[in-house]
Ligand code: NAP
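In the block that follows, a single chain appears as structure tokens, in the form predicted alone.
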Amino acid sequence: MPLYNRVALIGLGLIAGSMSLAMRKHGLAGEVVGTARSTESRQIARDINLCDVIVDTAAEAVKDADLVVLCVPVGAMAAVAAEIAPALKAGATVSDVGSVKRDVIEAVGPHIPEGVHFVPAHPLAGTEHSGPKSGFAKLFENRWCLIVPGDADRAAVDRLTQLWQGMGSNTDEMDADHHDLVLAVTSHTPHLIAYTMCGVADDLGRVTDSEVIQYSAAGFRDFTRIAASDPVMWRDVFLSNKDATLEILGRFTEELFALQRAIRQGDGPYLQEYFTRTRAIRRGIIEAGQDTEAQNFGRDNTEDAT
């Protein structure tokens, strides 16, 4: 039996598309209904049969839905929540896939009607690709999905957890503020650094006739993959998780200054000890099963995980 008779996906990008494909593959939903703001995205989704049904509006999508998942940029969630609120079914669960949790809770929570359960979530999976054609059913396999239950109904939390586990995810529960700090370290600040490195390379490339791009080594290549992610999504992430990101950036700057000093002073022992200590992070990621030592970090061109 499916966990939900009807699931509504608001937004039809990478995460929503992958959810639809995974739910249908594993029989987790009786019917998946999708919608997107863009007429073009809705038509593409229809053409590739991304969902069982594609409708034109969010209010239409959530009608009679047992689960509604907001798969839109963080900055758009308040407006979407306000639009769908009058059409939500009593007893339904509303969730999201946003990379920030405190701001989403404050934006969406006030619009959730009494008798509807709000259970924020964040799948730690993705690629640099976006749009309806970017999804694939295996995206969430052996990746983590963090559930932020707050004071939500326990049965609703457990049911949503089963859904994510059914799509292949490992799951854990976390407080919203702690989530935002952890993600500032593991995702948000690395993306900001990647965007910055690409910006530096862009300036240098103008001087060197694009030699930076032509002769890119593996390190810069991987920076550019991360920096190819959806700019609207990341704009909203940084503005919504401002405090935690700035805190981690401050710590990063302190570490960078220490390395600059060691390089300037020719302090080889310090540099070797620092690199030896920090490389253990990479080994820990591999031991945790979140990546492999295979060539190209164990990824292929279609299933890169950010």
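Residue numbers here begin at 1 and follow the sequence given. Quick caveat, the model's predicted, so the values are computed rather than measured.
From this point on, the text means the form predicted in complex with the named molecule, which you will not see here.
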**Request:** Considering the named molecule in the predicted bound form, find the one stretch among 98 to 106, 146 to 154, 194 to 202, 167 to 175 with heavy atoms no farther than 4.5 Å from it.
**Result:** 98 to 106
**Asked** Taking heavy atoms only, is Ala36 within 4.5 angstroms of the named molecule in the predicted bound form?
**Response** yes
**Item:** Contact label in the predicted bound form: Ala76 to the named molecule, heavy atom within 4.5 Å
**Value:** yes
**Prompt:** Is Asp230 close to the named molecule in the predicted bound form, meaning a heavy atom pair under 4.5 Å apart or at it?
**Reply:** yes
**Request:** Tell me, yes or no, whether Thr224 is in contact with the named molecule in the predicted bound form, where a contact means a heavy atom of each within 4.5 Å.
**Result:** no
**Message:** Give me the residue from Val80, Val119, Ala92, Ala184 that has a heavy atom within 4.5 Å of the named molecule in the predicted bound form.
**Reply:** Val80
**Request:** Go through 106 to 125 residue by residue and record those having a heavy atom within 4.5 Å of the named molecule in the predicted bound form; state none if no residue qualifies.
**Result:** His122, Pro123, Ala125
